[in-house]
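One chain comes next, on its own, written out as structure tokens in the form predicted alone.
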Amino acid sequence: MEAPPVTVMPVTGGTINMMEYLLQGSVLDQALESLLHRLKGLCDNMESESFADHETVYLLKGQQGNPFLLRARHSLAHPAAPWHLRYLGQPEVGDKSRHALVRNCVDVAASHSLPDFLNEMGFRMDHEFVARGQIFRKGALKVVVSKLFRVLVPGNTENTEPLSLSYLVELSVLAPAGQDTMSEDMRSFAEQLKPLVHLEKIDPKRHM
């Protein structure tokens, strides 16, 4: 199984070979409305973008080292939209001066035959989930507030249950390598969301 952080970025466009700057946190169900109200006041779009996505994580075991993981995601709200294939590199957590986790991100659009293609390539499904939530934007910053659901019957996205009594909150930016000033902008924005939610630079080694 893959160690956290698990990213739940919706399928809203494709970006090739960029760096993802990421902060994560969570908010209890009963505090959701207060957070959404704060985000509407801080962000560019008064009305958020809603999404409902199904994501499957595929794993390819090699002869040595860690398994290679790819994420296949498609929209349940817009079934005719392209699938998205996403690769997330190892987080660069060593630089203490960075306020955000940084990792390589490759995101490409794909056809609806993507699952069959991955199976033919030797990948096997590791796990799947459904994410439903809202997206807010502030310039280059993107805030995703989502509820994660466990898929009870493999492949059946109608048969799910919530993973927890909270919502995942992710603040992210996609930018070319070397744009470390982005993490300072993210830190400043995250401060404005306290005490409703505390967004942090998550070190995956703490969860292994």
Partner chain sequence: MSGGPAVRVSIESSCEKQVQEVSLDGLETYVPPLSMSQNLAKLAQRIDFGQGSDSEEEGVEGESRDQEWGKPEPEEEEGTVKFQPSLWPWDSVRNNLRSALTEMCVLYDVLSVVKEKKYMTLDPVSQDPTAGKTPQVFQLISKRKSLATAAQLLLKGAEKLSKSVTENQENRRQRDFNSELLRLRSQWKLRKVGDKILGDLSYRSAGSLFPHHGTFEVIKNTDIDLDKKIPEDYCPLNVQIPSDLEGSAYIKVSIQKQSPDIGDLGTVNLFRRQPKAKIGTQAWHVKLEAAQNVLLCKEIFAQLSREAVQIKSQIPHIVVKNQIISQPFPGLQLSVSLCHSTTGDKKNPKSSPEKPKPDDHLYVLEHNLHQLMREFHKQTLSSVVMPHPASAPFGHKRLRLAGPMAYDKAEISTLQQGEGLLEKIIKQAKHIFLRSRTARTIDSLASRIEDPQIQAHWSNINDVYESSVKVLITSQGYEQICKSIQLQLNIGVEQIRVVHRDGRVITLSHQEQELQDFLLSQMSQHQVHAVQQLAKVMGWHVLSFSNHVGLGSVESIGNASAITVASANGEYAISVRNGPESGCKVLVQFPRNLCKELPKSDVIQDNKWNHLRGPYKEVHWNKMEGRNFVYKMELLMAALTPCP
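Positions refer to the first chain, counted from 1. Everything numeric here is computed off the predicted structure, so don't read it as measured data.
Keep in mind that the form predicted in complex with its partner chain is not shown, yet the notes after this line are about it.
Of the listed positions (Glu158, Asp44, Glu161, Glu33), a single one reaches within 4.5 angstroms of its partner chain by any non-hydrogen atom in the predicted bound form, namely Asp44. In the predicted bound form, no heavy atom of Asn66 sits within 4.5 Å of its partner chain.
Contact annotation for Phe136: at least one heavy atom lies within 4.5 Å of its partner chain in the predicted bound form.
At a distance threshold of 4.5 angstroms between non-hydrogen atoms, Thr181 is out of contact with its partner chain in the predicted bound form. Put simply, Asp29 is far from its partner chain in the predicted bound form: not one heavy atom of it is within 4.5 Å. Heavy atoms of every residue among Ser75, Asp107 and Leu141 are located within 4.5 Å of its partner chain in the predicted bound form.
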